[in-house]
Structure formats: structure tokens, C-alpha cells
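Below you'll find only one chain, the form predicted alone, shown as C-alpha cells.
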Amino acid sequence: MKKEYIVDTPRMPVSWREETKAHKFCPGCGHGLILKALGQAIDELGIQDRIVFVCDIGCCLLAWDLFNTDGVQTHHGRAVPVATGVKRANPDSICIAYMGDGGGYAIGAQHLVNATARNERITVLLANNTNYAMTGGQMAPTTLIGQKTETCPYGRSIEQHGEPTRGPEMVAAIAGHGAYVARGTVSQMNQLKKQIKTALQTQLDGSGFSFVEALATCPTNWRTNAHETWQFLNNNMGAYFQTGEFKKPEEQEV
């Protein structure tokens, strides 16, 4: 007779303890690392029973059943307004809108801009891997200049496509008093977890809108090996997308 054991250790997050399982993302994908940082932040804050995890269409939808929390799967680009509606209907909930760069900066851009302007008390977590990954690797708002995708096979050009979107910089310019805005990377997990934790704490405090962009890897569509993937993340993406905190509640004047 097969015996099953449940090992309860501090390194196993509470939200994952009851049914730990492998994620469904491609090998080397950055989504798994972002969600690991999110799970650890949730557990360290002790807010699992208050979380409503709202995930967008795209690769991020594969996270719909990773957490032992309440959750909603939305239409593409609609994670922010759904999270806003849940938060307004139940102010005690901690609402997280999880999306990719296409869902946040393209089809869902108007929702992101307006939720930021209204200073909605939700947390937006956005994965930036510079392409539309689930549908085959098309050009996204964040595709870098010269980067080749299925829809810009000769490389993105400023003349034809404009410059890549810098989301946190845009959000920080719009966000009101009490907001928190940051950009992290899966190559610096401690920093990323700290940023996500601060964003969630901002929502807990009710001080304002919180937003974290995470630079993520996509070796499947980048067509890169492990070394090339890490080089593209740290050197190419890192050179254009500055990591750090762009707006913090305690630094803003009333």
C-alpha cells in the first residue's frame, strides 16, 4: 500500500502547501519565478485568506489554479477592471491583477491608465517578456529595438513601430498620492519579492494604487539557450528597462 506524506516546512509556502504541483509554463519561463515571489510575499504577510487572484488571458492564465486562494480568469486585457470591481464590492479583499505586457500595455492599456488615475486600491503585477508569448511570439509593446519576432522578422524599428513601452515610468507619472510603482527582474528574486511585498502592503494600508513590472524570460519564443536567455534578460532588457522603485508612498508630500 502506497503511503503519502505531507511535509510541513518553513520553505514551503502556506498557499502552496495543501496541493504542491509543477507549473504549466515552458521550461525557462519567467512566470514561474514571478509567481514564486508572489506566493512567498503573500505567505510572509499572512493574507492568503483575503486574496483574490485575477489573471488575464495569455501565458499568465496558466496560473489560474496555482494558488490556494480565491481567483477569477478574465477576458484579455480586463484583469484590472475586474480586480477593481471585486475590491470596490469587498474592500477587505486583497486584489491582485496578474497579466503580461500585451494585456497591460496594449489591449488593456486604457484600464491600466484609468485605474492608476483613480488611484484604485488594487495591486497590478505585470510580466514583461517583450513578446506575445502564448500566440507564437509576436511583437508586443515592450519588444526591444532590433528584436526579431513573428510580426517584425527584420527587427523592431523606431520608424515603423515606435519605441518600446516603459510601463512603470508611465504609471508613476499618472499615479496619485500614496501609490507604489516599481520594476523588478527574475534575475534578482530577493529584490522582486520585496517589491511585490511592498505593493501588497500598500494595498493593505489603503494608501493607493500599487504596480510592479517584472522583467521575465521567454526562451521558447526568443529561441535562446540558457546562457543566451540570461544574457538577453540582464544585458538587453536591463539596459533599456531600469529596475528599481519609481514611486513610494512615504516619499510623497500631502
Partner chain sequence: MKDLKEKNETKDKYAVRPIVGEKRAFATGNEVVAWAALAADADIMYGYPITPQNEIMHYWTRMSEKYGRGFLQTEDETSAGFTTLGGVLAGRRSFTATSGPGNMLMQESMCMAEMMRLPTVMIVQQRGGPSTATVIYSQQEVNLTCFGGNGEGFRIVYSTCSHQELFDYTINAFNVAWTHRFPVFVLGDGYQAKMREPVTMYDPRDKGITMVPTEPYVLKEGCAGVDREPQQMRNTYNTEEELNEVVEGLNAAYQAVIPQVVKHEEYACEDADYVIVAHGVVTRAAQAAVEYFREKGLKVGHFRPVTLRPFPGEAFRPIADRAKKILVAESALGQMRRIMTDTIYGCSTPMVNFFKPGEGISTEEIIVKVEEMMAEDK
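Just so we're clear, the structure is a prediction, and the values are computed from it rather than from any experiment. Positions refer to the first chain, counted from 1.
Beyond what is shown, the protein has a form predicted together with the partner chain; the following relates to that form.
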>> Given that the partner chain is not shown alongside this chain, does A172 nevertheless sit within 4.5 Å of it in the predicted bound form, heavy atom to heavy atom?
In response: no
>> Would you classify H161 as touching the partner chain in the predicted bound form, given a 4.5 Å non-hydrogen atom cut-off?
In response: no
> Using heavy atoms and a 4.5 Å limit, would one call A89 a contact residue for the partner chain in the predicted bound form?
Replying inline: yes
>> Taking any heavy atom pair closer than or equal to 4.5 Å as contact, tell me whether R50 reaches the partner chain in the predicted bound form.
In response: yes
> Pick from T165, T151, S93, Q147: which has a non-hydrogen atom within 4.5 Å of the partner chain in the predicted bound form?
Replying inline: S93
> Residues in which of 41 to 49, 219 to 227, 28 to 36, 189 to 197 have heavy atoms within 4.5 Å of the partner chain in the predicted bound form?
Replying inline: 41 to 49
>> Can you list, in sequence order, the residues from 107 to 127 that come within 4.5 Å of the partner chain in the predicted bound form, counting heavy atoms only?
In response: Q110, H111, N114, R118, E120, R121
